[in-house]
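Here we start with a single chain on its own, the form predicted on its own, put down as structure tokens.
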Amino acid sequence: MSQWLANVLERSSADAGTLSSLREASLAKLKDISWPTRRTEAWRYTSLHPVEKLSLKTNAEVSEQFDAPEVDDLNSIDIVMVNGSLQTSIADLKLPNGVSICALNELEAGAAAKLNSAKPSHHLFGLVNDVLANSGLFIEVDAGTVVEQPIRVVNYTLDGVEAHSRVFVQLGEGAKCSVIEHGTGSEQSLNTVFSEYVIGDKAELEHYRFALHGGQAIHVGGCHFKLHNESKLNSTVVGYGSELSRLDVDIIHAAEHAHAKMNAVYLLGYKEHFDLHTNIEHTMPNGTSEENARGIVGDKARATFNGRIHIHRDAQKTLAELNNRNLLLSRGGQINTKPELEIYADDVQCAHGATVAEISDEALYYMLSRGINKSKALVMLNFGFIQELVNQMPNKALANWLQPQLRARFEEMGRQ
């Protein structure tokens, strides 16, 4: 066991009011779990050495006021968290009818019992989050409620801090809602953010996860979705590399005629690391899923993509597709990609594929011959590689905000 995990066990307590049952169960599993090594399949390409002896502040006070990033025409309901603690007063929010938001530490027993209904119990850092997260949000959207304003949750993690937070969202039958998760931080820190979404019958969720960490920030998190009858999910994930960044995504088709679409983009600069592990479980018939992930990896950076689609025996008439495309900016970069199909039904249509390529010399020469300098040409070619996925974002205000962020990221990667 690592020194850090031993410290987690010492700090954890099952005595947490309505969260006690959750913590007690997760703490028992955590005590029996082995610290991952390179022989652990889920961590085969990722060293946890940066975490093993980490010692950071866990109850850092924040005197500065932080605001959510400005996004033109977004008109969102903003909730800001700093170092894992709520800075926004929920009581001061102007919420639409049919929407309720409660702080994690104020949950009633009935609501607390819903936690982990979408998040699998095998994620090591998910269990850590279970036993240490003291702050977070429980969001409910009533049946038939259409929420016009996106709900945006912004997480800032500051220098020298370890923080853990949680988001749970439940959509009632026929409800429609958009949720944006935005995390950022670049100084030495560690944060875990795990979110769960239970999408009711005929409900629709538009989801965004922006994991924009960098530098010495260590970020390990997850997004976990449970779809019911005729429900729809459209998710966009954008991740930056850092000393260690990892995101686990689980999508469970728990009823018939559910549809899930997920687009993911990850961008890694010099010596950065990013892991994306996705798992789609088709447990019932007539479900559809579409997943597209594209990564751009700089010099001496390392990316890992592991995408799995599991078609259960009863999941007949399933349509599922998984594609992972990667672009190397240097042969010093490394990409480990593993798309998987595990099929036990015989009446399905499924496909998967992965590619790793370099920027075409011909394309670069063409732009240089037109008078475009090399750095600008590289930015244009990189952005062209992911432009299709950015254009597919349903929220155009977010897409317009993201484009200059990505261009700045490309320029930074080009200078490294």
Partner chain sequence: MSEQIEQAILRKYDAGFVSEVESDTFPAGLDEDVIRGISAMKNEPEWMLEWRLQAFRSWQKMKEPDWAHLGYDPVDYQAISYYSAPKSMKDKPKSLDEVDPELLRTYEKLGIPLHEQEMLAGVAVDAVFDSVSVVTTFREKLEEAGVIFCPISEAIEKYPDLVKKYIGSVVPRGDNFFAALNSAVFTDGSFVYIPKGVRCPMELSTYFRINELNTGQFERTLIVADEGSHVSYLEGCTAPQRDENQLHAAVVELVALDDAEIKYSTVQNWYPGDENGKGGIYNFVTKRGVCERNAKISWTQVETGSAITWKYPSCVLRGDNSVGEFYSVALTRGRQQADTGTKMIHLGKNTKSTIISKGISAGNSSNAYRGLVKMGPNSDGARNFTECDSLLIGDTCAAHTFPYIESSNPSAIVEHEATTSKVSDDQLFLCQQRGLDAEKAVSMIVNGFCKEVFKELPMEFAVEAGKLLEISLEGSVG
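Positions refer to the first chain, counted from 1. If you superpose the two forms and keep the largest set of C-alpha atoms that fall within 1.5 Å, you have the rigid core. Source: prediction; values computed, not measured.
The same protein also has a form predicted in complex with its partner chain, omitted here; what follows describes it.
Asker: Among 86-94, 327-335, 284-292, 131-139, which stretch sits within 4.5 Å of its partner chain in the predicted bound form, heavy atoms only?
Answerer: Going through the listed ranges, the match is 327-335.
Asker: May I ask you to check whether Val51 falls inside a 4.5 Å heavy atom distance of its partner chain in the predicted bound form?
Answerer: Judged by the heavy-atom cut-off of 4.5 Å, Val51 is well away from its partner chain in the predicted bound form.
Asker: So in the predicted bound form, does any heavy atom of His352 sit within 4.5 Å of its partner chain?
Answerer: Yes.
Asker: With a 4.5 Å heavy atom cut-off, would you call Pro339 a contact of its partner chain in the predicted bound form?
Answerer: Yes, contact at 4.5 Å.
Asker: Closest heavy atom of Asp346 to its partner chain in the predicted bound form, within 4.5 Å or not?
Answerer: Yes.
Asker: Taking its partner chain in the predicted bound form, would Glu41, Arg44 and Gln316 all count as contacting it (heavy atom within 4.5 Å)?
Answerer: Every listed residue reaches its partner chain in the predicted bound form, so yes.
Asker: Quick one: of Ile33, Val356, Ala68, Leu27, which gets a non-hydrogen atom within 4.5 angstroms of its partner chain in the predicted bound form?
Answerer: Contact residue from the list: Val356.
Asker: With both forms fitted on the core, check whether the Cα of Val348 differs by 2 Å or more between the shown form and the other one.
Answerer: No.
Asker: I want to check Leu30: does it shift between the shown form and the other one by 2 Å or more at the Cα, with the core superposed?
Answerer: Comparing forms between the shown form and the other one, the Leu30 CA shifts below 2 Å.
Asker: Given that the shift is 3 Å or more, do the Cα atoms of Asp361 and His352 end up closer or farther apart in the predicted bound form than in this form?
Answerer: Those two alpha carbons end up closer in the predicted bound form.
Asker: Report the direction of the Cα distance change between Gly214 and Leu378 in the predicted bound form, compared with the displayed form, as closer or farther; the change is 3 Å or more.
Answerer: They are farther apart; the C-alpha distance rises by 3 Å or more in the predicted bound form.
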